[in-house]
Structures are given as structure tokens and as C-alpha cells.
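Heads up, the chain below is alone and in the form predicted alone; it's given as C-alpha cells.
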Amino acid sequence: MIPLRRAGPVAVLVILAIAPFLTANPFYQRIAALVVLAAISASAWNVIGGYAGQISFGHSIYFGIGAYASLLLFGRFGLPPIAGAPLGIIASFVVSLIIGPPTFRLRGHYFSMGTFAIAALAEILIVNWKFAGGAIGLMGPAMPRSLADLLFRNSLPYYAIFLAVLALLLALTHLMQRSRMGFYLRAIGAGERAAESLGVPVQRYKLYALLISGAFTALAGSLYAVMIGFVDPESGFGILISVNMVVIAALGGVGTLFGPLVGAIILVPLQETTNALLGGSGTGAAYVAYGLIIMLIARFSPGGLAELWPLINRHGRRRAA
């Protein structure tokens, strides 16, 4: 029999895996694919922002790198967009090695402000880079040339691909949690000076976390470009992409394995449904709702919804007794 503390996450995973295949509604299937894609991005951000406690608002850089790498290879060389995913991951490593050491010298909100500034600068640069389409952006293939183009009529194949990537990321994160790196990152998140005094190589492990986080965020960007078939500076490098990752992880619970997934299950349908009901003006309404959610979480559950599960678990044990 599955313990109560594990029954919730197991039930969520089972429902998430099978629910989209039980409906023929393309709107719901698309939302399911976007939920998993958002969970990948937020879970990747969670490695550096949740476990290591480095609240980055610059992860849109990695997302945009992955998206642009995919469509650049298609537009310039005619390769399938997914072929750009390895290039995006390699580019994310290079960017992490460049911006990681100097930004990690900043702490607390200064680090957040520094990453925010770098992300804003990256968006400005991409807007003025004509080779990458400038302000217009890049398009993917209009018609499938082969299966490698990954152009499908409905969202279920994308959902299955995204779910496999999310499962891989969660498995790696689980292994990291139980490893020396996981203990070091939690120590860093709890207090860098204390961690240094205990002999933790703080700068090195923060960089390791950034490399992993950036790589999976770039992969999420590549998957987004493959599914949507278009990217421009706002949809690739826009600062709201970083904000979404932070809000989703914070709602579900930063520094927890399934927290970003729970946050994505709640917020992505909210945003998509609001946009569908209100049209172009829906984006603003969704972010008003985001703000209200942040205030409620900050007031009643600062650790996100993950803080509520132990309370439910204890209540369930009391009733069982």
C-alpha cells in the first residue's frame, strides 16, 4: 500500500500521464502539452533557484537560446528544428560559464537584479541581430518534410515528448537531491557563508547548478520552438518568461521535486483559459491573477503548496488513527 505522503504525487503523475489521451478536445490537449513544457522550464529553474537559493530572473536567456538555435538551423541550413537542441544546450554551457562567475559574486536581491539586467540586455541584442531575424523573429517549417520535423496535427505527440523529457529531468533532480551535490546546494541555499565555513566549494557548485539548469531550460526552449514553429524576441527572450518560471516554482514549492509541476498544473490552464475567454486582453488579466496568487502564497504559505501537504498528511494519519 502506498503511504499517504507519496499517494498525492503518484496520483498527480498518473492523472497527468493519461488524462490528455482521454479527451479528443484539441484545446485541452494543447493545454496539457503546455503544462508539461512549463513544468520542464520551472523544474530546470528550480535547480538553481530552489535548491541553491539563487533567485534568477535571467533564465529567459537560456530559453531563448534553445528556441533560436532550433529555428536558426532550420532557416539557415534546412535542418530539422529539433537538431538545434544540442546546439542550444552547448550554447547554454558557454553562456553559463561567461555570466555565472561574475553574477555569483552578487548575493540576495543584487543577484536577482543582475540576472534581470542581463536578460533585458539579451532581448535588446536579439532584437537588433538581423541574422536571427531581428524584431520579426524566425519561422519553422510550414509543412512537414519528414518525421524529423516533428510537425503533428494535434498536441498529443508533443505532450508525449515533453512528458519524457520532464520524467528525465525529475529523475535526475531526484538523484541530485540524494547526492553530495544536493546536500551542498541546500547548504548554499540556507546560507552561503555558513556553507563556506563548513568547507563547501560554494562558487563551484553554484556554477554546476547553473550549467544543469541552463541546459534543461535551453532544451525547453527548443521544444517550444518545435511545437509552435515560430519565435521572436518577446516569446524567446522576454523577461516574462523568467517571471513565469519563478511564479510557477514558487506556487508549487521551490526546492521540492514536484513543486514546479504542481504550479504549472494550476497556472498554465489559468493563463490559457483567460486568454481564450478574453482574447488579446487576457494576458493582462492572467498576470493580475498571478499577482493575487503571489500575495496569497506569501501571506498564508510562503513555501508554496508543498508546505500544505505535510499538514494534509498529518490530518490523514489522525483520521486513520
Partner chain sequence: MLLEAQGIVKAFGSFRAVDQANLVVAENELIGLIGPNGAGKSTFFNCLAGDTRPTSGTIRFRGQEITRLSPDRHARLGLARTFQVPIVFAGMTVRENVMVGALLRHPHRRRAADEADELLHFTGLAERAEMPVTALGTPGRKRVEIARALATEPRLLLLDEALAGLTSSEVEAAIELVERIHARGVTLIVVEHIMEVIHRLTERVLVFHQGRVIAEGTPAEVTADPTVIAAYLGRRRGRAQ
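Numbering follows the first chain given and starts at 1. What you are looking at is a predicted structure, and each value in this text was computed from that prediction instead of being measured.
Beyond what is shown, the protein has a form predicted together with its partner chain; the following relates to that form.
A.B. asks: So its partner chain isn't shown here. In the predicted complex, which residue out of His109, Arg178, Arg76, Arg145 has a non-hydrogen atom within 4.5 Å of it?
C.D. replies: Exactly one residue meets the criterion: Arg178.
A.B. asks: Among Leu97, Leu240, Ala190, Ala164, which has at least one heavy atom within 4.5 Å of its partner chain in the predicted complex?
C.D. replies: Exactly one residue meets the criterion: Ala190.
A.B. asks: Please check if Ala194 has a heavy atom lying within 4.5 Å of any heavy atom of its partner chain in the predicted complex.
C.D. replies: Yes, Ala194 is a contact residue.
A.B. asks: Given that its partner chain is not shown alongside this chain, does Phe230 nevertheless sit within 4.5 Å of it in the predicted complex, heavy atom to heavy atom?
C.D. replies: Looking in the predicted complex, residue contacts with its partner chain do not include Phe230, since no heavy atom lies within 4.5 Å.
A.B. asks: I'd like to know whether Leu198 contacts its partner chain in the predicted complex, with contact meaning heavy atoms within 4.5 angstroms.
C.D. replies: Contact check for Leu198: yes, within 4.5 Å of its partner chain in the predicted complex.
A.B. asks: Taking 4.5 angstroms as the cut-off for heavy atoms, does Tyr208 touch its partner chain in the predicted complex?
C.D. replies: Heavy-atom contact with its partner chain at 4.5 Å: absent for Tyr208.
A.B. asks: If contact means any heavy atom within 4.5 Å, which of 150-158, 79-87, 114-122, 200-208 contacts its partner chain in the predicted complex?
C.D. replies: Going by heavy atoms within 4.5 Å, the stretch is 200-208.
A.B. asks: Could you run down 169-186 and flag each residue that has a heavy atom within 4.5 Å of its partner chain in the predicted complex?
C.D. replies: In sequence order, Arg178, Arg180, Phe183, Tyr184, Arg186 come within 4.5 Å of the partner.
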